[in-house]
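In structure tokens, the next block holds one chain alone, the form predicted alone.
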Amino acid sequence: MVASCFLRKCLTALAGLLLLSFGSLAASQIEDQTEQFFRSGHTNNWAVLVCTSRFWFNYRHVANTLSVYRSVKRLGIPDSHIVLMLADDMACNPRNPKPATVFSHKNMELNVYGDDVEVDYRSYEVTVENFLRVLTGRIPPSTPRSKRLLSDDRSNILIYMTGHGGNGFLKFQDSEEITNIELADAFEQMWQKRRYNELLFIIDTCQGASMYERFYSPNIMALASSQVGEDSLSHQPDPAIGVHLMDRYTFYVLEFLEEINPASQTNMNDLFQVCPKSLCVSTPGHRTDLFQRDPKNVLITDFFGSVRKVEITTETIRLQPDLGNMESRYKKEWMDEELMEPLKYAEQLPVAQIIHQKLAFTILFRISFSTPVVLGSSMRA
């Protein structure tokens, strides 16, 4: 009998220890999942999209930029988090046979200009100085919010640039140029000022790979449409308007992005393969040595989409309020208000007292700073 009681107590104690260990294990797993959920340094997305070319024959560069703009908006980045810089307005150009439109495909099905394009820097505002000021945050206090890159150390930033370039430089409106050293230093300032978490740089220009050769700041991934010594070629000529509609590299990148939705699990390695030399004619390049994560673990939507953190739970959450408790609470508050003696208007706002005080102050002020007061009819000052 004693042995059976002792055995029962031992089994009970053992069961309690097992339950405790399982409970602590489950708690630690929940803590690990919670920590992993909140550990990501990425909480918001920004995009800086820059077309550096003017004049009608550079129609394709405006179409490139507007097409990327359309894609990032479709995937969830709002206009408030997009800085759009267009050096020319092709939609209103006198040569445009279809005013107020910009097309990126020769069948003229998709107008990428649309009705809701918000251009932040246009025409001669698109300069090297303004671009660098946007990146580094060194802008005048009077600059409106729409022209600011209000990112922080939890921001993933997409920077897309297109235009005419060469070995180590990109031209701005055929009047000035930005060098790869200036661009690299601007990114370093952004990192030092904690203006990004991760940065994706994409450039479609001749000898584009030369623009990321000088990068030295951490957490930057870069893609280019061509290697040093190669031209980046145009695509889709349209005889009706006399110009090409897009560049090859951007065309195939956007064709790839059209298959992406906000819940896609497609990674950056897939983006590296979208435009082989057989399609682009040039040789696209990419650089990942400064990036801390493996590109295969980086989702396309980490840069082209908007953050949607979702925590899945199996527990039931009661959304309907307890009407009984609410009714009793409101009844109690109503009774408390009824018990309070209502204030009279004069007590709430003693106007008469205020007026009397003001008149008394005025009389004293005049007595202090005016001529001597007459005390009697026979006495004069």
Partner chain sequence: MPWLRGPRKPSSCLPTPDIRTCHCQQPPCSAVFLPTALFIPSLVLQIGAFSLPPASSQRSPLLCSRVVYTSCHFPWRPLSGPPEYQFRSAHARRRVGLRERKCVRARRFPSGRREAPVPGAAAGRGSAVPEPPLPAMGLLSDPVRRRALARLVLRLNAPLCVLSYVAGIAWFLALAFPPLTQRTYMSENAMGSTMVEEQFAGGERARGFARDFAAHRRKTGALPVAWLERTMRSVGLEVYTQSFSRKLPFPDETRERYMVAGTNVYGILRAPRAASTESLVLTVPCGPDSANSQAVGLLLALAAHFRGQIYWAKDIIFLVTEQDLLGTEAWLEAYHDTNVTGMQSSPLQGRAGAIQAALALELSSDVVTSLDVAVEGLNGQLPNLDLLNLFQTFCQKGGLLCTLQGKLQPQDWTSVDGPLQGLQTLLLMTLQQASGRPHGAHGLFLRYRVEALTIRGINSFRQYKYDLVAVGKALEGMFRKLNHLLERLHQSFFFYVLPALSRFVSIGLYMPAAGFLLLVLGLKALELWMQLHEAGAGPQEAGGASGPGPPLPPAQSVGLASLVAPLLISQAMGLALYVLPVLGQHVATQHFPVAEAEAVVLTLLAIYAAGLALPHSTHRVMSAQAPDRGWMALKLVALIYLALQLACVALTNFSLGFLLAATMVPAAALTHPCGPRPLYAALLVLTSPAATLLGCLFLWRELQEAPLSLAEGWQLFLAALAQGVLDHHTYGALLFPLLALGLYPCWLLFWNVLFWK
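Numbering follows the first chain given and starts at 1. Computed from a prediction, not measured in an experiment: that's the story for all the values here.
We do not show the form predicted together with its partner chain, though everything after this point is about it.
- Put simply, of Pro78, Pro140, Pro97, Pro144 only one has a heavy atom within 4.5 Å of its partner chain in the predicted complex, and it is Pro97.
- Shown without its partner, this chain lists Gly114, Pro262, Gly242, Gly166 as candidates; in the predicted complex, only Gly242 has a non-hydrogen atom within 4.5 angstroms of its partner chain.
- Partner proximity in the predicted complex, defined as non-hydrogen atoms within 4.5 angstroms of its partner chain, places exactly one of 289-297, 128-136, 262-270, 97-105 at the interface: 97-105.
- Shown alone here, Gly229 lies farther than 4.5 Å from its partner chain in the predicted complex, counting heavy atoms only.
- Its partner chain is not drawn, but in the predicted complex it has no heavy atom within 4.5 Å of Glu188.
- Within this chain, Thr283 is remote from the site of its partner chain in the predicted complex, having no heavy atom within 4.5 Å.
- The closest heavy atom approach of Asp238 to its partner chain in the predicted complex falls within 4.5 Å.
- Looking at 52-76, the residues that come within 4.5 Å of its partner chain in the predicted complex, counting any heavy atom, are Phe55, Trp56, Phe57.
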